[in-house]
Each structure stands twice: as structure tokens, then as C-alpha cells.
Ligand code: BGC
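Single chain ahead, written as C-alpha cells, the form predicted on its own.
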């Protein structure tokens, strides 16, 4: 492997691209790509400024791009609460049912079971889907022997579809996503319909809360760590939630006694007006060919569902210029979405002298007839450019919340993070922190800690059900 490429895999600068061993044309192409994907410190500052502006708009009025949705979740858990609660998570292939025992001192015990949702249930009547959920919960409770529970069990319902909440456990379904299209559901209350199924089956279960998974991520970690102020998803998609002062949520019209509430930012929609995000021709192509062109631009630049496709578009651009793979592609590489973000991770972490893992991805997985070491080094560079940009743009969102909440003068705090990109993508958290240091100084590392938080849809939903049952939400 070339010395310049092995020097420091967690960062990349334009000067290093000048030391690339390829032809003059290849060097120039990589240098131009480096400029396009570079997020300078000044650019970060302008993005943070626009981000805080859009946050403010979302807090002031309904219908803003960054929606800043009040979650009705108020108050922080202390970690000392105890009790038994249920949680269910519906939003994909499986329905997950959990019994969560909160033991105090931030400790928990969880029993869970997954049930495959039949395809017919996803497109049938909503009442049938709710009956299936109720039957699954009943089966789960029978399996774990809950006869000893005489009181009604409180349940947190992680319903991973857009819902316009009216209260903590009531709201209207806005639209279906993820392959679901049940009839008799749009505009109706999923919490109330599920509660009706429990009632008809004489089950002592109360739907205490409808939960957003990002809010759940925040509350799951807050039970274990009271300094937690923010929950973030960096995975297939992205979103964030944080504790906001009620006085700042000026669009809130109802009476409330709490001083703060968790706000679900829906930050993937940031800068849909394209004021500051530095979109390239490769981002524009991805956006045009996506199922939701023109929307969720921020999400498309930082999330696991999209990063590999950006690299694929860049790769094909170099192939078309006869600068990569001797101008030859493959049927697999020509397929949209064939270059997965997991391929990027494998390539970025490959430090072998001949980049053997990169060769395997390109030749065996993607079917490129043959690759040279120079080809592999170029693809590795593309992955690094896209990965570093994603981390720096992600840091901008975090910095916006920190700025808005004026967190730097306060005590150290924790951001709970879930998602495969944060957990598995090489150097992602390092590059995020590097960007935050550029914005706030070296001491920021003492002010904010990123902590992996799993199971927002299970533990988090149960913690919120607990909060509701004790009158804290």
C-alpha cells in the first residue's frame, strides 16, 4: 500500500491527495473530488448557524422542515424507579414484545420475543393487525408466566410510522411506510385501535405511550445515566431528540406543569431548501433516483442507507473517465444500491499491503473483472472522502443542539447514540469529535460524551410507560 494512504486512515486532507501514486489525470480527479467533499471549519460554522435557525423555526410554528415535534415526554428518569412494564416495537418484518423489569440503580432485566408479521397483515385491515399484535402479546405473557401480575400492565408502543400525537398515548396515523399499507388506519388512532384489541380479548394491558424510537433511545440511556440530554440515531436513517425548555416551544398551546419536554427533531429534513449543505453531482443523482426526491437531504448525506450509493456514483464517474478499472464496470456495480455502506466499512478498515479485503469486495462481491492496487487505493480514498464528510456533517447537527441549549458553560453531558453507522463505521465517532473540537475547542471532549445506547424501542418505551404511569409525563 502507498505510504500516503497508510499514514492516517482516520482523516484526509487535500495535500495528501497530491502524494497519490497514480497518473496526473488520476491525481487531478481525486484532488477535485477532495475539494467537493471537504467540509472546512468555516463551512461547519455556517451549517451550524443555519441548523440552529431551522430548529428555532420548528419550535415556533407547525409545518417547519425541521419539525421539532413535541413528544409529550416530560421529566427525566432518576434511574431509581422500579417496576414491571411492557414494550412492543412494530415497524418492519418483526413485531418485538418485551417485558422490562426496572430494578433501580439504573439496572434492568429484559425478556423478549420476536414474532414475524405475516405479509397479509401488513396490507389487510388495521383491526386485524391490532388483533395480531394483541394475540402476540398474549402469547408472550403466557410463555413467561405473568399470572402473578394482578394489576394492569402498562405498555409503551414503539410505532415506527409518522403519527401526529395529541397526547402521550393518542394520535393519528399520517401515512404508512416500510411496506405497510393497512386499510382503515390513515387518520385513525393506532394506540386506541390497539387498546380496543386488548379490551376485546380481556387483556389487562394499557397502552400508556406511543413512542418514537429516537425519543426511546434518549430515555433508555437516561435511566442509566442522568446526565443524558440527547438521543441520536446514526444508522440506516438518522434523527435526534433532546430535552427542551417548555418556554422555548412557543408553538405549544396547552397547559403543562413541567419545565421541559423531549422534542423529536426529525432532523433528517434539515436544509431541504439547499441553503448550506454542499451537495455534489453525486448527491444530486442519488436524490433524483431515490423514492423521495427533494426531501431528507441531510439524511441522504450522512446515513447508512445512502453512503454506499454515493461512493458507487463516484466510482462510475471515474470509470467513465477511464481513470478506474481500465474503464470497465460490471453488471453488479451498475445496479443502483449495490455498493452497500458495509462494503465501505470493510474497505476503510483494510490495512493489508495489497488491500486484499478491498479486492474481495470489488472483484468477488461487485464483479469487477480485475483490479490493480492503484484501483483499490482510489476506491478506498472515495470511501474515506464520503465517510469523513458524513461524520463532520453529523457533528454539525450535534453542535447545533449544543449551541441552541448553551451546553458548553454547563456540566458535562452525554449524548446517547444508536445505529450501525456510529457503531461500526471506522473512525466515525473520532471524526465527529474532531469536528466538534474545531468548532468549540479541545475542551469540548470534556463537555460531551457519546455513549452507545441500544434498545430505545424496548427499554426506552418501557421507561416512558413508567413515567406516564407515575404521572411524570
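Positions refer to the first chain, counted from 1. Throughout, rigid core stands for the largest set of C-alpha atoms superposing within 1.5 Å between the two forms. Everything numeric in this text was worked out from a predicted model, so none of it was measured.
Beyond the structure shown, there is the form predicted together with this ligand, which is absent from this document and is the topic of what follows.
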item: Single option in 226, 124, 367, 162 placed near this ligand in the model of the complex, where near means a heavy atom within 4.5 Å; value: 162
item: The unique member of 283, 244, 350, 299 whose heavy atoms fall within 4.5 Å of this ligand in the model of the complex; value: 299
item: Proximity of residue 237 to this ligand in the model of the complex, heavy atoms at 4.5 Å; value: yes
item: This ligand contact at residue 233 in the model of the complex, heavy atom, 4.5 Å; value: yes
item: 4.5 angstroms heavy atom contact with this ligand in the model of the complex for residue 177; value: yes
item: In the model of the complex, residue 169 touching this ligand (heavy atom, 4.5 Å); value: no
item: Stretch in contact, per heavy atom within 4.5 angstroms of this ligand in the model of the complex, of 105-113, 325-333, 180-188, 153-161; value: 153-161
item: Residues in 213-234 close to this ligand in the model of the complex, defined by a heavy atom within 4.5 Å, in order; value: 213, 214, 233
item: Core-aligned C-alpha movement of residue 237 between the shown form and the other one reaching 2 Å; value: no
item: Core-aligned C-alpha movement of residue 160 between the shown form and the other one reaching 2 Å; value: yes
